[in-house]
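One chain is shown next in structure tokens, namely the form predicted on its own.
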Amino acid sequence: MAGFSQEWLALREPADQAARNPGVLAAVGAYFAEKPSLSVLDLGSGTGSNLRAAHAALPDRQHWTLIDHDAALLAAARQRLMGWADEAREQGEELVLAKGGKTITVDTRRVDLDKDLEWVLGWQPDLVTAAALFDLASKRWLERFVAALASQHLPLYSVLTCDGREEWLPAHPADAGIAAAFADHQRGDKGFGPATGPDACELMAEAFRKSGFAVSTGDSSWVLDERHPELRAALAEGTAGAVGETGRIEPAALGEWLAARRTAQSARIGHQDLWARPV
């Protein structure tokens, strides 16, 4: 799977937390409200941002297994979580954290989610979750993933999956061409076969419904304004870099667009959260 730097993940985390759909998260919390404890499998966990954002809505005792292919990100997750917690200690290979009245045990595992997907889901967690992951996966992989969850009767809480909506202000003449070229780049192979990109949300929801799951979705778009100059600039540069790889936009036009976007007033980038549970 395509890697992401610790710097990029740290830069986007505040916007991710602000964008997360509160209604979808509340529904997840309500589903598990009667459970005294909860085991969570977090796929593509990065540095643990999903845990930091979701823990408060979940039961008082939680065990999170953070799964990523990048050993450096998993090591960074341990350090970030120890600094974030009110109290933290190591217990063998696990972390034991106290945060806001919750007791959270954390395990980290380096796993290839293409090769070992069914094996990992066979650990039988109470909840599977992921953030900003599924738009990187192919249609075939997503169908395989949903089938594996259905066979184990496991619910999924997915957040911040890109849905292709993008609006920068003020508008620029190259916006439509840039957006189309970027969408094509998103559909390239990110390690799980040709990626679904902006189609991932709809494909996943349809696959879950066909498997007999109840599905709820909610908007979790980034709204980036004057409070997010570094993230807006990094997003514009990343978009321009990806579009440049497609060869679909003349370099001069792409450079003009990037210069305008570095100083844009705002950007709204579409994401969706999804809550799917067996019925």
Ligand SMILES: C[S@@+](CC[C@H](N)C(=O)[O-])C[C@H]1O[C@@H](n2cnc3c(N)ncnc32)[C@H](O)[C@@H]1O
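Remember, predicted model here, so these are calculated numbers, not experimental data. Note that residue numbering begins at 1 and tracks the sequence as displayed.
Beyond what is shown, the protein has a form predicted together with the ligand; the following relates to that form.
Engineer: Since exactly one of 76, 201, 113, 149 fits, which has a heavy atom within 4.5 Å of the ligand in the predicted bound form?
Structural biologist: Here the answer is residue option 113.
Engineer: Which one, 45, 239, 62, 220, lies within 4.5 Å of the ligand in the predicted bound form by heavy atoms?
Structural biologist: None of the others qualify; the residue that does is 45.
Engineer: Using a 4.5 Å heavy atom cut-off, indicate which stretch of 166 to 174, 113 to 121, 180 to 188, 92 to 100 touches the ligand in the predicted bound form.
Structural biologist: That would be 113 to 121.
Engineer: So in the predicted bound form, does residue 267 come within 4.5 Å of the ligand, heavy atom to heavy atom?
Structural biologist: No, no contact at 4.5 Å.
Engineer: Might residue 261 be said to contact the ligand in the predicted bound form, defining contact as any heavy atom within 4.5 Å?
Structural biologist: Close contact is absent here: in the predicted bound form, residue 261 is far from the ligand, nothing within 4.5 Å, heavy atoms only.
Engineer: Does any heavy atom of residue 81 come within 4.5 Å of a heavy atom of the ligand in the predicted bound form?
Structural biologist: No, no contact at 4.5 Å.
Engineer: Although the ligand is absent from this view, report whether residue 55 comes within 4.5 Å of it in the predicted bound form, heavy atoms only.
Structural biologist: Result no; residue 55 lies far from the ligand in the predicted bound form.
Engineer: Listed by sequence position, which residues of 122 to 139 have a non-hydrogen atom within 4.5 angstroms of the ligand in the predicted bound form?
Structural biologist: In sequence order, 131, 132, 133, 136 come within 4.5 Å of the partner.
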